[in-house]
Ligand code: CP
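Read the single chain below, which is given as structure tokens and is the form predicted alone.
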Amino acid sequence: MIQGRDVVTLETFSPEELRFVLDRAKDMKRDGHGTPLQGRALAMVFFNPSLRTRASFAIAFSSLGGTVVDLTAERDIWNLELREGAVMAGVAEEHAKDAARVLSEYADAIAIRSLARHDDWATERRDLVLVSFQKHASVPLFNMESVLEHPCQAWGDALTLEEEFGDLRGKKLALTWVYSPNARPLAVPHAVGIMAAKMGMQLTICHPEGYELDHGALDVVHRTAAETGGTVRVTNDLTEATTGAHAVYAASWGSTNLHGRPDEERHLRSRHTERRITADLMARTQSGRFLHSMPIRRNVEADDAVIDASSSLVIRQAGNRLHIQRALFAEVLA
């Protein structure tokens, strides 16, 4: 169903395709997976640090019998030029188009992790590293988190939620901004919002004023929800958002309006240090189920009592990344 596809954004996958991969992951998690990728290779390129993504991608691919090459930008590869037609007389030693084409000669798939570089948001949201590799690679491309989206994270979250609640249509998910000392990427909240809309959930997005999601990503969420029978509402009230929710998904993201202006963004975020998930807030939900993509700042983003509760799903979320990525590798490279 998804053979040969790029896994760059959830937007390009239908609800039926999302559920197909979820079912495949459940089967592999229950029954095992064999080694269908013997003789195949994955080239991973990281422009940013990673724990769960790096480990789960490498283990998922190698456990299917494949070989993984793990490359870190500015350490293992040359500085890359992204601009088309550039006169490369500066620090960049190689063009991204050449790197993508060469890696396509070596590997059966390429995976990229590249987050924002502190430019203005209008430039950042073009996701130039990911787009450059996708344009010039001749093998399937996997997004390990970009400026705009983290599809495999949200796919794993959907698996975790389905294990808890079964059919997700009509289930209430509160996607809530929480305080963190540093601005975090918008990729996770964007992907989670699209996932919830694809699955027909009742999504509540909660954030302080000034922390609206990217307009393009939010348009996709609204449009998709209208197609699947889901709903989307936005509120600034954390108590209202969590009351009656089946699950609470905490995340901390930066302000697109103040992107590239860290002092101003830090001042805005400092006004919301009290916004964290507490046991009292979780007591207002229907099930006490708590999600976070991690890493999580304990007792800043959420209290220990929430993270370590028996109803917390954060560790299983991280574990399910492995099963989703196995299913994606197996089906894309079938």
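Throughout, we count residues from 1 along the sequence that is shown. Just so it is clear, the model here is predicted, and its values are computed rather than measured.
There is another form of the same protein, the form predicted together with the ligand; it is not shown, and what comes next is about it.
Contact here is defined as any heavy atom lying within 4.5 Å of the ligand in the predicted bound form, and by that definition not a single one of Thr9, Thr12 and Asn143 is a contact residue. Interface residue remark: His150 is counted as part of the site for the ligand in the predicted bound form, having a heavy atom within 4.5 Å. Under a 4.5 angstroms non-hydrogen atom cutoff, the ligand in the predicted bound form lacks Val68 among its neighbouring residues. Arg24 falls outside the set of residues with a heavy atom inside 4.5 Å of the ligand in the predicted bound form. When contacts are judged by a 4.5 Å heavy atom cut-off, Leu51 counts as touching the ligand in the predicted bound form.
Here is the short version: of Val300, Ala305, Ala58, Met294, the single residue with a heavy atom within 4.5 Å of the ligand in the predicted bound form is Met294. Stretch 150-158 is the answer when you ask which of 250-258, 168-176, 76-84, 150-158 has residues with heavy atoms within 4.5 Å of the ligand in the predicted bound form. Taking the ligand as it sits in the predicted bound form, the stretch 209-247 never comes within 4.5 angstroms of it through any non-hydrogen atom.
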